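Only one chain is shown below, in structure tokens, and it's the form predicted alone.
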Amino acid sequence: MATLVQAVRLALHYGEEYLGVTDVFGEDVGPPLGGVFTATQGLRTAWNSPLDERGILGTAMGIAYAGGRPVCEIQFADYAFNVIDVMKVAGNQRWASAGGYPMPIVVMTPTGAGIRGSLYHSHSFESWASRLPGWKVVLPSNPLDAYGLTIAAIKDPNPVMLLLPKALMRVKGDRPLPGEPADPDELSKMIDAPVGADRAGWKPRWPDLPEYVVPIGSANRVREGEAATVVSYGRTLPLCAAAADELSKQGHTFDVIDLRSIFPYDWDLISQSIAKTGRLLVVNEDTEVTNFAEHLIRRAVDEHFYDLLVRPRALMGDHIPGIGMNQVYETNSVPQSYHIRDAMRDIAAEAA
């Protein structure tokens, strides 16, 4: 099975071969490195930019204005804060022109904790991104969705932010990508540059992959149950699914929904689930003040006040300036598996 970062790379290759991607660029995105996580390794259209996030996004907008279809990378989401004002401009261009000026740019950036990245490489960005009108924002939790959402983002005429969970980049999926070799070692031999060797003459051997699209705005119910609705995405989604499996042995079954798209998001699926369970828990690792979970809870209260059996709640990261490199600091700053398990058990057990 492909890893998440391999899936993104394969989708970008599909984009440059079949969907008109003209440029894939950012800091260290081109050869020989192919990005700090190797997401752009071997791509024909990849090139290195200066270390300038504002320049990266401005260049992407210029390419789009000229009729191109660029994918740019901000090396870590922590540095997306440097360019948020330009993101606001990118988000309003298609709207301001009544559709006359498409803005088909994809901004790809790793987000979240889980790699002991300390103060400058551990921020989550989805709550900030959700406040940028005109942007679509996606955040996959597994390789197959990463492949399908990347292709959907490339095809979209609006700016799309592709947030990639840092902690899951090297995690293999449990479902194959369409057309990938059955042997994961064979896939690695085909598309991963050799480590510690001269890569000047290396060329990838791309597998023949069909198009596979995960529509932006569609969530996925990964577990089904009655005790409560659990909404999550990115790094914390697999932890929620594992906690649901564990708690099912104790008689509590959960609807676990992988949001996949932060905006637009699949309110229909969430709403149907809340109407069934009467309980809502939203889990993510972003900081807890003005967190995107709070928007979902507000809407749940507005539209399901009389369906809710207990107060809806959110499990989020602490509202602190950063995450320390020490493993103890990171573990106690953002939700871990035991935090999620306890929160799910509590909401299921609370008397109506």
Partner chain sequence: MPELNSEDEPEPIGGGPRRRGRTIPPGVAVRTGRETLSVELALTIFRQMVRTRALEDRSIKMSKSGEAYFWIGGPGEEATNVCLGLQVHKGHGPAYDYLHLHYRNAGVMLGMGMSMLDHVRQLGMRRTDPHSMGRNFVGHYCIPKWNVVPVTSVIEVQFAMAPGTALVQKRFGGEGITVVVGGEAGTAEGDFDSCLNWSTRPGNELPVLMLVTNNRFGISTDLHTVHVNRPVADRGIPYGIRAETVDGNDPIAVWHGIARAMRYCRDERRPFLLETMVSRLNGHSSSSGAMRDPAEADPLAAFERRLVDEGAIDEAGVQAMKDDAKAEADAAVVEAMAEPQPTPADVRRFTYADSEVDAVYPGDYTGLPGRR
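Numbering follows the first chain given and starts at 1. These numbers were taken from a predicted model, which means no experiment stands behind them.
One more form of this protein, predicted together with its partner chain, exists but is not displayed; see below.
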message: Considering non-hydrogen atoms and a 4.5 Å limit, which listed residue (130, 118, 93, 248) is close to its partner chain in the model of the complex?
response: 93
statement: Students should find that, of 101, 202, 79, 206, the residue having a non-hydrogen atom no more than 4.5 angstroms from its partner chain in the model of the complex is 101
query: Can all three of 52, 62 and 298 be found with a heavy atom no more than 4.5 Å from its partner chain in the model of the complex?
result: yes
message: Looking at 234-242, 209-217, 171-179, 274-282, which stretch has residues with any non-hydrogen atom within 4.5 Å of its partner chain in the model of the complex?
response: 209-217
- prompt: Heavy atom to heavy atom, is residue 303 within 4.5 Å of its partner chain in the model of the complex?
  reply: yes
query: Hey, in the model of the complex, does residue 289 get a heavy atom within 4.5 angstroms of its partner chain?
result: no
field: Contact label in the model of the complex: residue 58 to its partner chain, heavy atom within 4.5 Å
entry: yes
message: Taking any heavy atom pair closer than or equal to 4.5 Å as contact, tell me whether residue 114 reaches its partner chain in the model of the complex.
response: no
task: Go through 223-258 residue by residue and record those having a heavy atom within 4.5 Å of its partner chain in the model of the complex; state none if no residue qualifies.
output: none
